[in-house]
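Same chain, two versions here, written out as structure tokens and called structure 1 and structure 2.
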Structure 1
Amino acid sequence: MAGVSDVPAPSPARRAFPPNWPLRIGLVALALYVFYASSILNITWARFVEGFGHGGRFLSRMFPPNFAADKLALLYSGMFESLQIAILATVFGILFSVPLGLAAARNLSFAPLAWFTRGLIALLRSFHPVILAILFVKAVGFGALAGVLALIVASMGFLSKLIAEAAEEISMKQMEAIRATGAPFLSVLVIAVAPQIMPRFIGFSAYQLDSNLRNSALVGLVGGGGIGATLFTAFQRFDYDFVLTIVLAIIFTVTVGEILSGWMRRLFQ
């Protein structure tokens, strides 16, 4: 009998789901921050309500989208220029990224070069394509060339980082085998390194083509040519029905581009 009374009764305070005080305090802090930030940014309910009125008028002016022949001609020329920008930026971006990425891989290059290249890649990556486009518009003037150059640099930042990471993960056995035959450095790269990083390389090249297609709509907003320039002009002229046509065309092109690059990835893997 005594043995039974020795077993401590479960404390009534223990609950299956105890209140999560850190979470509650965090949520209150978050709510306070939202009020504080809204007051700093001058966001008020009155502005929202006023905006929704504008929004209704805005939407009614956007519908139906404008498919007039002269607008479509503008749309096509802008879209083709965007495509050209995206294709050229991807091709040259890949060409420049390969040496940069390999130089940044710590197992293939030597330490000072690898660290220098890593710094350069970080620098390239930290600038938004729009900022690059502004700088290139100043350097080479308005138009598609500035857009292409801006997106080449943006692609280099992204691709060479991934190439460096892929190259650092390769198995060194193949490299040692090819080196042992006395092959020069370039042969080692082509025979031992390239086949190991190729599948991933094609994957992110396809992704970069998508991303450049999307960004080619962006560089035009600051003078880099392409569909973005057409879109910006339409906005400035309050041609909102044409704006909707352009946005639909961009969504369509980006979606088709994603499907095509998905095919490309499957074809090569």
Structure 2
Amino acid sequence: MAGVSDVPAPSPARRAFPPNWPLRIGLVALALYVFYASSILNITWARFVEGFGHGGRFLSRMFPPNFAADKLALLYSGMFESLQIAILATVFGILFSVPLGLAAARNLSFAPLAWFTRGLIALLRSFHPVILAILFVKAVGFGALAGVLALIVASMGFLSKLIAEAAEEISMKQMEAIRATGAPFLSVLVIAVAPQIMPRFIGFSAYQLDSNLRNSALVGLVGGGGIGATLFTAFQRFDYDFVLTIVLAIIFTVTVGEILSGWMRRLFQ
């Protein structure tokens, strides 16, 4: 029989949920910063409550929406231009993003090219489409061209990054098998890489089209054409009932675009 000395000593009691002091200190610091930022930005409860009154009066002037024939003509023209901007930006954004994304994939290109391309993609993703639209309006003037160029650049930043990440996750066995036959690099991309990333690529493209439909209204607010320009003009003229009509049309268009993009993803995946 084992002696008393062989009996293991009882382990000290352990707490089920030990205090995480770094997390607690971080949360306290975050709370203090929130109060500090609110004070210097003049964010007060009085202004918030006062805003309800202004918002109520603004909404009361928006109802009922204006469906007059002359207003609907402006609405159709602006929405049609926004659709054209979104489609053109998506098509050219996809065309430019594919080589850029493949060049950024570290398993497909050599390291200096991959890192340079990744830096370029990071630069493209640094700016919001509205900022890009302002820059292109200054460069090429007001109109749809500035909106298309802004959304192309924004699409390249988004799609290129996702294509690069999808390419880096592919199985290299298929590439090695195609390379063993002596096939050129382009054939390797078409036969081994494209089939593996195509389902995700279709989903990315459908989402980007949906995003460009929304952003086409934003870039129009700063002179990029489309329904955003019509919306900005209606605000300047205090046609708030027509503003509501435009907002309803944008919501309807974006909803339809979301349904179509979801259908495309299910169809090709």
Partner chain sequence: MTAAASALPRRWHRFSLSERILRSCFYLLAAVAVIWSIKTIEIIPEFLQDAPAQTADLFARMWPIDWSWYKSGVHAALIETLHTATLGTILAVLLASLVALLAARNVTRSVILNTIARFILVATRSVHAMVWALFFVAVFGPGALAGTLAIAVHSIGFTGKLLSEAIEEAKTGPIEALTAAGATKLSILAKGYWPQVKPAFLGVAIFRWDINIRESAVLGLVGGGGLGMALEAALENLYWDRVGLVLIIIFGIVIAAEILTTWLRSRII
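In this text, all values refer to a predicted model and were calculated from it rather than measured experimentally. By rigid core we mean the largest C-alpha set that fits within 1.5 Å across both forms. Numbers follow structure 1, counted from its first residue as 1.
Looking at both structures, it is structure 1 that matches the form predicted together with its partner chain.
Of the two rigid parts that account for the shift between the two structures, the one holding D239 holds S109 as well. The angle of turn of the smaller rigid part against the larger, between the two structures and from C-alpha superpositions, comes to 15 degrees.
Superposed on the rigid core, the forms differ at R24: its CA is offset by 8.9 Å between the two structures. The rigid core superposition between the two structures gives a CA shift for W45 of 4.2 Å.
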